[in-house]
Every structure is written in structure tokens, then in C-alpha cells.
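In C-alpha cells, the next block holds one chain alone, the form predicted on its own.
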Amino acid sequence: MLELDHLAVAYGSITALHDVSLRVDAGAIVTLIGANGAGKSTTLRAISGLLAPRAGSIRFEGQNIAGLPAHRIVEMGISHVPEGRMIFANLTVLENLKMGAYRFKTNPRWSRDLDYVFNVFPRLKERERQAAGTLSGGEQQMLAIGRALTGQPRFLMLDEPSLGIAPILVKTIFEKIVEVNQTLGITVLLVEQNANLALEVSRYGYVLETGRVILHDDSAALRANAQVRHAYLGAG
């Protein structure tokens, strides 16, 4: 469904991604793991059109989308839940969800999408008239994912969904990610510092280090890999 081929991205004179190639099959959950500064968020920002690649291609269902404006990429069915959630704090929960569906609010499917989001995240229904900035970190993450879902994506990118969330809610968030993948068939590309959890829910994984893919394999194999266990899973 998505294929990056020899992708290079730079911030001015600083190259953040070097010759990155990866693929995500339709219906899968694929994860990117790596230390801070490895290039994980940069990869997602390039896919979603927020950064223009210096070299290489980004193919979505066979079409090269590298360099397309972000709104065109959203229209193709790619949604990006950024690190830090980036909700509209002064708007209500419902207004945030409507912002995600700005292209579809006159579409009869909008109400079904909203019902689905409220079914997956009942807390959002309870707080639909509440200002989003007053929600807890976990509730804001639910809202950010819900906002992406109202845009009717076929490909969902999640950047650090566990960041700043109480441990008791992290498990819930990841259960919901798996549910969305399995019930709606949405393909997921997941960036996550909690490598154990990311590899547990994903099918395949890539390890980034200083802007390069240094290792990739089935998630179960990566969890058993001594190098990965030592560097990212807290094992000796």
C-alpha cells in the first residue's frame, strides 16, 4: 500500500533521513522504532506532505506522492496523528472531530463515522461538549485518533501515541489501535518509543538509527533479536 524508495529528507543543510526504504502492506500494522532523533517523526512528516523529500520516492498505492501538498495527501486517504496530539484546545471535543471531517460534514457517512468514534472511545461521547484542552493526556490522545478517523482514512499514521499518557491508559490506547485496524481494515504505520508494545501489536518492524534503516524483520523476530533487545527492549 505504501512504499518508500531511497528516501532522503533534510532540514536545511542537515540530512535527517538517508536512503530510507520501507514498505507497508495493506491491512497491516507496521512499526518504526528507534532512539530520539533517529528520523521516525521525519519519516511520517515526509509521507504526509509536511516535508519535501530531497531524493527518493513515496508511493501510495503505486502513485508517487512525494512533494504533493498535505491536503491532497489527506484526500487520498492518509491521516497523520502527530506527536503531541496537536488538538484544538479551545474547541470542544465535538468541534475537533468535525475539523477532522471538514471534507465530509455534508456526507451522510459523517454521522456513522462519529457514532463509530464514540463507540470506540466512549469517554469522548461523555465529554463531547467539553473544551478539548481540559481533557487528560490519554483523553486528548483518544481525541486525536478520533479526529483522524472522522477523515475516513485508509492509511493511518500514529506518532508516539503513548507519549505523556498514564500507564493505565496506554494499554487501552493500543487495544483501540488494534481494534481500528481489525474492524475497519485501516492500515497503520506506528512510531512508538515503547518498542515492546509496538512490536507486540505490529506485524512487521523497521529499526531506524541516525536516519537510516539498520534492521527490519517480522515483529516477533525483532523482539527476539539480541541487538534490538539490548538497545530498545531493556534486556541484557
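Only a predicted model underlies this, so the values are computations on that prediction, with no experimental measurement involved. In case it trips you up, residue 1 is the first one in the sequence shown, and so on.
Keep in mind the form predicted in complex with a small molecule is missing from the figure; the text below concerns it.
K.L.:
Using a 4.5 Å cut on heavy atoms, which of Val178, Leu184, Ala70, Ala35 is close to the small molecule in the predicted complex?
P.N.:
None of the other options qualify; the answer is Ala35.
K.L.:
Choose from 198-206, 166-174, 55-63, 42-50 the stretch whose residues reach within 4.5 Å of the small molecule in the predicted complex, heavy atoms counted.
P.N.:
It is the stretch 42-50.
K.L.:
Decide yes or no: are Phe88, Leu91 and Ser162 jointly within 4.5 Å of the small molecule in the predicted complex, with each residue judged by its heavy atoms?
P.N.:
Not one of the three qualifies.
K.L.:
Does the 4.5 Å heavy atom contact test between Ala226 and the small molecule in the predicted complex come out positive?
P.N.:
It does not: once the small molecule is placed as it appears in the predicted complex, Ala226 has no heavy atom within 4.5 Å of it.
K.L.:
In the predicted complex, does Ala16 come within 4.5 Å of the small molecule, counting heavy atoms only?
P.N.:
Output for Ala16 is yes: heavy atoms within 4.5 Å of the small molecule.
K.L.:
Glu95 versus the small molecule, in the predicted complex: is there a non-hydrogen atom within 4.5 Å?
P.N.:
Looking in the predicted complex, residue contacts with the small molecule do not include Glu95, since no heavy atom lies within 4.5 Å.
K.L.:
Check Glu128 for me: does it contact the small molecule in the predicted complex (non-hydrogen atoms, 4.5 angstroms)?
P.N.:
Answer no; every heavy atom of Glu128 is more than 4.5 Å from the small molecule in the predicted complex.
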